[in-house]
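Next up: a single chain in structure tokens, the form predicted on its own.
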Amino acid sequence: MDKPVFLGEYTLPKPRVDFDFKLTGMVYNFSWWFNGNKLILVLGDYIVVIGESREGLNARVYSINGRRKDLDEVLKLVEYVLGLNEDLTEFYSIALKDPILNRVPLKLRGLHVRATSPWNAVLISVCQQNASFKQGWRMLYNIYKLMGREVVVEGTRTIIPPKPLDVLEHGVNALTRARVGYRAKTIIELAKLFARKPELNTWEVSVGELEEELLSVKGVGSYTIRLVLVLSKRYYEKPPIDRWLKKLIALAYKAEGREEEVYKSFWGKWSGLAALFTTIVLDAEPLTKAIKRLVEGRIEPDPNLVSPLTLWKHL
């Protein structure tokens, strides 16, 4: 088992505005990356362990392969991933008037959805195709466990997600064992694309280029691409609307037949983020239960459910 090389400890800049470290660390996460106090980020050839103290956030940087590069670049990437410079003031202002997210400014203030690499965002998004929350994240869990690389950092066994070449090396049989179903072929084709064009998996890749390249892959549609853009580029202008969200929008906004039009009109440039927060406040419950909760006004996360905010406690 590999042991990363410690490079140094650094104090991160203070967040621009509201920031809640624990909420940001726990949302849509696994136990090997967040334990309630410590957040582990895998950033290419580096692992960054982030903790919180009275002085603020500190980052301990490790090299996976022993190489060193400009650590300022690594720390800048940490700021981006955590959303330390993301100002959600306008988002909260709109949320106060929203029929679904009106309690977010009070209950979930400071939660920033962590950004991830385009390739990892692709894996997450494909696993969510036509799947429930639990099904999709179980598929992703299986992919990481079967194809990722395990390392120990600060006494914690953590996982480095598989790269495109790792997926191609393991092949369809491993994806079958991961129980991804028909998605296996799509994941293989996407792995080929990212292996052939590694520039797509950089933080600098443009929204337009990423969108165009993903569209060329069979099995990748609008929902998948929009979710990838939200998760990797913080591009919120095109909301990822699936059947689940469409039904909730139709009900909450009285917008049947005009769901996306009404949603984008209400949320503007924050539409994609609002879509993710909707899954959070309703615990990504199956549609029938989510509708019942919306009608009853139960639009706050339930800590007793397996949900986007508690996934790390269960997987």
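Sequential numbering from 1, following the sequence displayed. Worth saying up front: this structure is predicted, and the values here are computed from it rather than measured.
Not on display, but discussed next: the form predicted in complex with the DNA.
In the model of the complex, at least one heavy atom of residue 286 sits within 4.5 Å of a heavy atom of the DNA. Residue 220 belongs to the set of residues with a heavy atom inside 4.5 Å of the DNA in the model of the complex. The DNA is not drawn, but in the model of the complex it has no heavy atom within 4.5 Å of residue 149.
Although the partner is absent here, residue 129 lies within 4.5 Å of the DNA in the model of the complex, judged by heavy atoms. With the DNA omitted here, the record of contacts in the model of the complex names 130 to 138 of 116 to 124, 204 to 212, 94 to 102, 130 to 138, defined by a heavy atom within 4.5 Å. Comment: the DNA is not present in this chain, but in the model of the complex one of 110, 181, 198, 171 has a heavy atom within 4.5 Å of it, namely 181. Of the listed positions (63, 279, 271, 29), a single one reaches within 4.5 angstroms of the DNA by any non-hydrogen atom in the model of the complex, namely 279. Contacts to the DNA in the model of the complex (heavy atom within 4.5 Å) from stretch 229 to 253: 242, 243, 244.
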